[in-house]
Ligand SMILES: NC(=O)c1ccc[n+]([C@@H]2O[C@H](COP(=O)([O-])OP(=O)(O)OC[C@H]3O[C@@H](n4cnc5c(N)ncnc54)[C@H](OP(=O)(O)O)[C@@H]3O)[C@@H](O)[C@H]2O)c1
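Only one chain is given next, in structure tokens, and it is the form predicted on its own.
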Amino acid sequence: MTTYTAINLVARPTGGPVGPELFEVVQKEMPTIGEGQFLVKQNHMSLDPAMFGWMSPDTESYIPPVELGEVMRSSGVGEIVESNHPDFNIGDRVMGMMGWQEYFLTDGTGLNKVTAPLPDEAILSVFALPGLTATQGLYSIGKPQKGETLVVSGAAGSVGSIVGQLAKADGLTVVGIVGSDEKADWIINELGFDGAVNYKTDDLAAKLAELTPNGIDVYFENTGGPIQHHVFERMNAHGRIAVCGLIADYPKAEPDLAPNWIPIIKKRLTIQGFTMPDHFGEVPALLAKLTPYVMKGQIKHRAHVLQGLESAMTGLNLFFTGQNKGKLIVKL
């Protein structure tokens, strides 16, 4: 009997780091391909902060939690190795939600062909969830205008780095919030950001005031934490805040207090949370918006690649420590 490896979620996180105790590595029998189906050999798998929410027992979130005993949810890129589907051929590269497993049997629902002549790492770093999320949040909520000032937290991460580069290409002043001097150097000298705040070492209020003398028009929130309050205080009238993630609060039993709501009224701020499952129907339009920036060389990326499927079980903790440099990917 030929088998392949998969990893199931078997316990819920209780806050703080996650590890192998939450998962079970299993061997599954290779499936038989039915009519209208095809089999994908997954080559690269994405790790994303959203996974902490998917593992939680919260049934009121934007997407149902992963059921205990089921394959852990994730997106990835792979190659079709068997096909009985008229629209998907052996050798086609596809991208979509395939889970923590080496092979994925599907009828094609939710998967898209990868036609761009780019490596898997670039596809997952730019054209998959990071680029789609950045494009959706920045343009539908942030509504950036040339000459404005944008601040993005998690600026060296997969989403934040794209948000900043898109805004720079559109003529905004862009300041990134990061957690190390190395990341600050990267977003300024490689990505072209106008400035960076190291939330671990800088005087947050003073540094932010120095870098945003004209206030802040757009804030793209990826992390939460103390910096959130300082950014909020410097928002200009009619400013827009896109709330994408709050990784600083995910491991806490009780999240930190949010900023005072009174300035929302005084400054007529727009604050909106969003998640990509609400917008999967808009993927073609989002890719059409993003692709010209990529083709002009205005979007750079870097990937942090872990080796082997089982590395995912501890690799997620890099989001808490900030040790990942760029898009976090597992190579199978």
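Sequential numbering from 1, following the sequence displayed. The structure presented is a predicted model; accordingly, all values stated were derived computationally and were not measured.
One more form of this protein should be noted, the form predicted together with the named molecule, which is absent from this view; the next part is about it.
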Quiz item: Is Gly78 one of the residues lying within 4.5 Å of the named molecule in the predicted complex, judged by heavy atom distances?
Solution: no
Quiz item: Looking at the partner-bound form in the predicted complex, is Leu150 within 4.5 Å of the named molecule by any heavy atom?
Solution: no
Quiz prompt | the named molecule contact in the predicted complex: Thr275, any heavy atom under 4.5 Å | solution = yes
Quiz item: Quick one: does Thr133 come within 4.5 Å of the named molecule in the predicted complex, counting heavy atoms only?
Solution: yes
Quiz prompt | Residues Pro49, Leu129 and Tyr250 all lining the named molecule in the predicted complex, heavy atom within 4.5 Å | solution = yes
Quiz item: Counting only non-hydrogen atoms, which stretch in 172 to 180, 82 to 90, 201 to 209, 110 to 118 is within 4.5 Å of the named molecule in the predicted complex?
Solution: 172 to 180
Exercise. Counting non-hydrogen atoms within 4.5 angstroms of the named molecule in the predicted complex, say which of Ile227, Met72, Ile123, Val94 makes the cut.
Key: Ile227
Quiz item: If you check Cys244, Ala167, Val218, Ala196 against the named molecule in the predicted complex, which one has a heavy atom within 4.5 Å?
Solution: Cys244
